[in-house]
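Encoded as structure tokens, the following chain is the form predicted on its own, with no partner shown.
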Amino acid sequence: MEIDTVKERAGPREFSAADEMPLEYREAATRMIEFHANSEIMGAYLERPFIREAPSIDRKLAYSAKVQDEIGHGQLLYRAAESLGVKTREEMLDDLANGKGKFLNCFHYPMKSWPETAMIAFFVDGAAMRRQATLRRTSWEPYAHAMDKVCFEEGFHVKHGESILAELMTGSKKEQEMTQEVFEMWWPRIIQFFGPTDDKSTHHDFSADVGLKTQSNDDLRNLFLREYIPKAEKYGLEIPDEPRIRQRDDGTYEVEEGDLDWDEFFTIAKNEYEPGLGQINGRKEAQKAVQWVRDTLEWENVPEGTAKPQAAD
């Protein structure tokens, strides 16, 4: 199929592995879905230590379920990316462990305190839901099908995050102050979650032309701000002075881009941000730690009569 034909036919769930898609489409879709899958995995690794830190057994159970969901989402998305025939799941996982795979900016930052879990589970996951809901209409059918399940489960994650935020902001004065402090730290990162403005976005135009994306970075950021600024204020959080955000007469928002640290953002995008390297190395060590499981599964599938390695004495 020629790329012009792809652009003409582009629509929700229009293409699948049964179609002979041009390499340009397959590479763009692979890059987009692999980025999403990596982000699910790295988000889970960021949150995993806080299962132990949760203040009650109910919170521990809910947070454990959330982390399991995120890992499952990653695996589902790797399979959707693999169906494009550009990279295997194993290649994508190896690239992630070796610092070649890209993932969302928010998951490059370390988390140090329980109130930060609300920043991820409510605000970051809420931002993700704005994007993911549009991807149920993406043109690559396996990706859209995966998003049906992902969006259903992410809805619960956001509600869980909102519950944590409500509990913190009706708690002690110290809890409220700590939550406001981490909100001020995370807010600029959350604004940058959607990526650079449309005029600086590298891949948006082609992705939109072939139906992979249905809304731009600026549109998604505006939808998020319209929904989440009132929610933050509802729970008693004060919106930080920077980045400056002005509401237009039509109800949309304008962000003062110069107030955001785009140098740091693009350093993160190149996997060169020091704390993010720690996250990547953690993923690499985790992958090494379970190599024996993959080796065992591979040996289970070898032909009959092949000598297998013996367990150590």
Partner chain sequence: MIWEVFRQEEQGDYHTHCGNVHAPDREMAKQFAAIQHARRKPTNSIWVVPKDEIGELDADENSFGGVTDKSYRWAPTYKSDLDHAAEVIDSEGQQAEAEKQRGDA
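Residue numbers count along the first chain shown, from 1. Please read all numbers here as calculations on a predicted model, not as lab measurements.
Absent from the display: the form predicted in complex with its partner chain. The rest refers to it.
- For the options Trp114, Trp187, Tyr109, Tyr235, the residue carrying a heavy atom within 4.5 angstroms of its partner chain in the predicted complex is Tyr235.
- Residue-level contacts in the predicted complex: of Cys151, Leu76, Val86, Ile229, one residue has a heavy atom within 4.5 Å of its partner chain, and it is Cys151.
- Proximity to its partner chain in the predicted complex, taken as heavy atoms within 4.5 Å, picks out 220-228 from the listed stretches 205-213, 170-178, 92-100, 220-228.
- The shortest heavy atom separation between Glu27 and its partner chain in the predicted complex exceeds 4.5 Å.
- Proximity of Arg136 to its partner chain in the predicted complex falls within the 4.5 Å heavy atom cutoff.
- In the predicted complex, at least one heavy atom of Phe122 sits within 4.5 Å of a heavy atom of its partner chain.
- In the predicted complex, no heavy atom of Ile71 sits within 4.5 Å of its partner chain.
- Residues His145, Asp148, Cys151, Phe152, Glu153, Glu154, Gly155, Phe156, Val158, Lys159, His160, Glu162, Ser163 are the ones in 143-166 with at least one heavy atom within 4.5 Å of its partner chain in the predicted complex, listed in sequence order.
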